[in-house]
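First comes one chain, alone, set out as structure tokens in the form predicted on its own.
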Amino acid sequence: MRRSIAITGATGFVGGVLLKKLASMDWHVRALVRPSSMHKRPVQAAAKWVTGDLEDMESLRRLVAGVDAVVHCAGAVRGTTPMNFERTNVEGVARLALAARSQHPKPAFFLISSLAAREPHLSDYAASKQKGEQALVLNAGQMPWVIFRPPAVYGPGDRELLPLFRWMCRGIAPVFGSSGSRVSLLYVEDMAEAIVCSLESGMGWGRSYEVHDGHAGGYSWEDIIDALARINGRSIHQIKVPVALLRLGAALNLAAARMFDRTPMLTPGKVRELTHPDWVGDNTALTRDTGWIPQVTLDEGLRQTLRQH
């Protein structure tokens, strides 16, 4: 029997890649789309699109009706207030979990959270991701669930890290935080494959998993810059950005965003995230439970990402 799955965030970065992968594996995919995002629907993958949003319980019930699994990829990454994040990252999770648990039989629920949930004190975004995880646990009832905590995910179509990578390829690399800071990364295809492996294995219910590209101990800024230099075939000059200057810029950016009703990326909370010294994940539990092993190295992932642009 052909399996069915519901996805939120399928017009976004990770969700779009997951949609294509599942459709190619003959899953029957149902995906939520806001009316304003209809033009963003991937045309290469077959899916039944359900018009609605995370604030509309009726559309969520139609999305999850009779499916075998639900993958919640949608999330807010920009905002000026806690509510900007919580509306999607907390309340949206709760509504979707309630809609899914009302089904008979209950689907498996997969929440794509963030490694930032590990440090909720750093920013409104990080706090909302932790609260979103708690909302799933609170509202899931007897429904099986799994939480993924990926680090920064990159790849073709990425709108967050790609501009930084392209700037570095021009020969200038801003360096934030201390020299001892470490960060894990993950190529988007590996993120999608981790979700698929968890789906296929039927293991790990009621667990949260960190996920990254398998490079133990993560990367320093210098490691990332060196990889880009190898791929680009030119040296890259590092410029140390004082944290005080970064904080000032973030404060001014936030004030301007509030004045003009925009949703900024650079905020004081984002600066605290950028300068946090430890964003290193651990794949051990996920690999043990599902057999998933990341395949794409940093060099190959960056090569594929930059090749598309």
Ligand SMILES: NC(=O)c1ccc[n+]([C@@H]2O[C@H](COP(=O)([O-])OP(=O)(O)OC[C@H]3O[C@@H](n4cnc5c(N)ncnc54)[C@H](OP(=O)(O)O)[C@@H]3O)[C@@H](O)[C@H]2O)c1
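Start at 1 and count along the sequence shown; that's the residue number. Since this is a predicted model, take the numbers as computed values, not measurements.
In what follows, reference is made to the form predicted together with this ligand, a form of this protein that is not presented.
Interface membership of Val14, defined by any non-hydrogen atom within 4.5 Å of this ligand in the predicted complex, is confirmed.
A residue is said to contact a partner when one of its heavy atoms sits within 4.5 Å of a partner heavy atom; Gly9 meets this definition for this ligand in the predicted complex. Though the partner is left out of this view, Val70 does not reach within 4.5 Å of this ligand in the predicted complex, counting heavy atoms only. Mapping the unseen interface onto this chain, Ala135 falls outside it, with no heavy atom inside 4.5 Å of this ligand in the predicted complex.
Contact with this ligand in the predicted complex holds for none of Arg166, Asp190 and Gly301, as no heavy atom of theirs lies within 4.5 Å. Checked against this ligand in the predicted complex, the residues Ala194, Ala126, Val153, Ala100 give one hit for a heavy atom within 4.5 Å, which is Val153. With the partner omitted from this view, the residue of Ser208, Gln130, Thr88, Ser220 that lies near this ligand in the predicted complex is Thr88 [heavy atom within 4.5 Å]. You can rule out all but one of 236-244, 29-37, 251-259, 277-285: in the predicted complex, only 29-37 has residues with a heavy atom within 4.5 Å of this ligand. If you take 61-95 and check each residue for a heavy atom within 4.5 Å of this ligand in the predicted complex, you get Cys73, Ala74, Gly75, Val77, Thr88, in sequence order.
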